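Here you get one chain, nothing else, as structure tokens; it is the form predicted on its own.
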């Protein structure tokens, strides 16, 4: 149910590091436009007003909305005033559940940066049916997790269908460049996800089941179990380089597989998908890949042990509200290549890249474009209420916005090897 509202978008959590960046991106996108009504929200009026004061003259009169993540009355009042809520408040398992509940019951569209499969599954199971009734489009994972993977595969498969009349039965996503930092919110989410007190069989299944986020009745397929603690390195013949496990792969791949199921299997019901990080070629590439894989697993072990966990929080990881400096954010960038293979057909590939630090600058730009699409493209979005992925909900509408306004690039090549690309960007 679309409802009359005071605002088109409320950016929730605007006082955190990621929230402040998202507010800057939204203010820059809107400029002097008056056709999209937006506000910033959070718990502290003084902090919100400080954020607003730094957004420039055009945002001087942007309203601030008070609320509390665990006060349902304040959240219900918030969502009743807007068509879309854009949330940057993580870990979402700690701070996001009541807001999703309020949006669903109000019929208010919602997007976030969640990369927490257990929490996302919980929100889908609790609210998916009611969201379909109220018309609330709930879209998780709208940042670096997992738009490049989700929209990248969608883009590749569309082009393959247009050119060859059939999709790729297998797609490999390979990260060739990932340069930047991360925020205190990302660190908090990582520590929450590795908290030994939260270990349960269901948490283990959420991390390892490749089809964990697929709709009920569609949670099976040809892909093997995920393993965040894998140190396996492989030589990728198509890339001409050694690869290591990509730490975001288990989350991203779940979203890609959910998209395939939600859209009625346009990629095929035997579709296979995996992600890895390109490291380098030769013996040196193999050694480096193995060392980095071992280092990441050691880091996860440290984050899970009480003593080293506290040391990481105190001396290594950024605190809440902190993040990379402006130079790091602006100089960062990321690049991925998607290699698609058809049975009895050619190999195709797509190159997807983004400007700015992937974990802060680029991710907030993706989130903002998702929120704007939910607000401005509402009548064109082909799906109704429910729990969606970015590609399943907005598809080409979001692709166009990302390329026009978020610094993302999507390029398709029908056939050829990709070794040259790997060596040029590793």
Ligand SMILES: NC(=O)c1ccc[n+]([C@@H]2O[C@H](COP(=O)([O-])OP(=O)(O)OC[C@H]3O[C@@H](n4cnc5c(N)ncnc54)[C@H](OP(=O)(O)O)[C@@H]3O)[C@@H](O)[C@H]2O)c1
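The structure displayed is predicted, hence computed values, not measured ones. Residue numbers count along the first chain shown, from 1.
Although not depicted, the form predicted in complex with the ligand is the subject of the following passage.
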Which of 54-62, 393-401, 372-380, 356-364 sits within 4.5 Å of the ligand in the predicted complex, heavy atom basis: 356-364
Distance check, residue 267 to the ligand in the predicted complex, heavy atom within 4.5 Å: no
The ligand contact in the predicted complex: residue 95, any heavy atom under 4.5 Å: yes
Distance check, residue 70 to the ligand in the predicted complex, heavy atom within 4.5 Å: yes
Distance check, residue 82 to the ligand in the predicted complex, heavy atom within 4.5 Å: no
Contact residue in the predicted complex, chosen from 149, 259, 108, 183 - any heavy atom within 4.5 Å of the ligand: 183
Site test, 120, 128 and 387 vs the ligand in the predicted complex, non-hydrogen atom cutoff 4.5 Å: no
Heavy atom contacts to the ligand in the predicted complex at 4.5 Å, residues of 108-132 in sequence order: 113, 115, 116
